[in-house]
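Starting off, we have a lone chain in the form predicted alone, written out as structure tokens.
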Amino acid sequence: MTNSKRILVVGGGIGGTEASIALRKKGFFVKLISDREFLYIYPLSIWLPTKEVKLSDISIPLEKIAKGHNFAYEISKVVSIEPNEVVLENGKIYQKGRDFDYLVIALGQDKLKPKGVEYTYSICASPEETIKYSMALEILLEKGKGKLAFGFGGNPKAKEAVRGGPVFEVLFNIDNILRKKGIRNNFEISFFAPMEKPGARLGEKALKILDYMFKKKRIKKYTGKKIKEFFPDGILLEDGTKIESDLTLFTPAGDGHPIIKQSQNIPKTEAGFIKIDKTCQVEGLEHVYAIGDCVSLEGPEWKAKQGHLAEVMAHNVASNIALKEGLIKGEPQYYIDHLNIMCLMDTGDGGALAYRDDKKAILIPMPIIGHIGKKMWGLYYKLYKTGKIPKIL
């Protein structure tokens, strides 16, 4: 069954591309707006610093995704967004009624900017920034010695907007590379975070395993102290402690997207995240939905924003709009029913499968096979996104 309704999806990341795929499968006419010509596979970017992959290995051209799933797309940056109007940098204006009937917002989030953050690099920012970090790391490795620091921050106004997993993964992957090169003893590695128990969302077992790994790998840990300022040679904590570092990888907590903050008519939290109901419909706006990192999540304290949740929300939106249009029968789909934390944490020489929901928190060590498993997931993901195989995960 098809429908003549036109849906504009804004944001070409994990959530936006998945929403475009899911909505097209429901028979809608879909157009995706992205400021990037490719989908950047963030979960695989952890291997850029260790040169296990190149940017081309973890990028999928939007042209291939759109062709594989038969939706339209346009490359341009959004400069303003309101419920009935989207304005692009190229001058084009999309209006409700004339150009679209439903709007799906998947713009992602911004990052908080603590003092001196320009002296750090983030693994969860742009591909260009991760590549810059990779180049700086390569220079340090050529010297054969140095001090490396890895950390992430929090946002008291949006506690779910924390992205700590990739930092742990890059840390352990670099530790593994240093050991393979036989120069680990020449490097001092530190980890820092303002929370008392970073990683607590994954449960007590995960915390114990992380502590064990830090001790085993001789990684200094600084937790429970707020970050006061970053410097070219280290990190100053609120109690006066200075963590010396030649190269700092730091992922700030998420903040509301600036385009959303500027919007006059899109409901948002104090931190700038879009307010949605359980169906992912924006509060008070029947034709506007939002998914992924740009939204404020309901749910338990341990909730976190992840790519797989953005994809769940994308499929919920497709079903809920189809239900509203009478294309399918059934009950509304709620993202909160699928709220969990699930990740395959890679360490370079292995990994661990982590899962958390309201009933359980498990962490399964996967020596060797964990690393291979994540590589296989990457292959599956690229084949699915380009329409070569059906979705199975």
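Nothing here was measured: the structure is a model prediction, and the numbers come from that model. Numbering starts at 1 and follows the sequence shown.
This protein has a second form, the form predicted in complex with a small molecule, left out of what is shown; the following refers to that one.
When the small molecule is considered in the predicted complex, residue 310 lines it closely, a heavy atom lying within 4.5 Å. Although the partner is absent here, residue 374 sits close enough that one of its heavy atoms falls within 4.5 Å of the small molecule in the predicted complex. Proximity of residue 317 to the small molecule in the predicted complex falls outside the 4.5 Å heavy atom cutoff.
The closest non-hydrogen atom of residue 21 lies beyond 4.5 Å of the small molecule in the predicted complex. The stretch in contact with the small molecule in the predicted complex, judged by heavy atoms within 4.5 Å, is 118 to 126, chosen from 132 to 140, 118 to 126, 268 to 276, 233 to 241. For the options 259, 219, 323, 285, the one in contact with the small molecule in the predicted complex, meaning a heavy atom within 4.5 Å, is 259. This chain appears without its partner; in the predicted complex, the one residue of 199, 83, 194, 166 with a heavy atom within 4.5 Å of the small molecule is 166.
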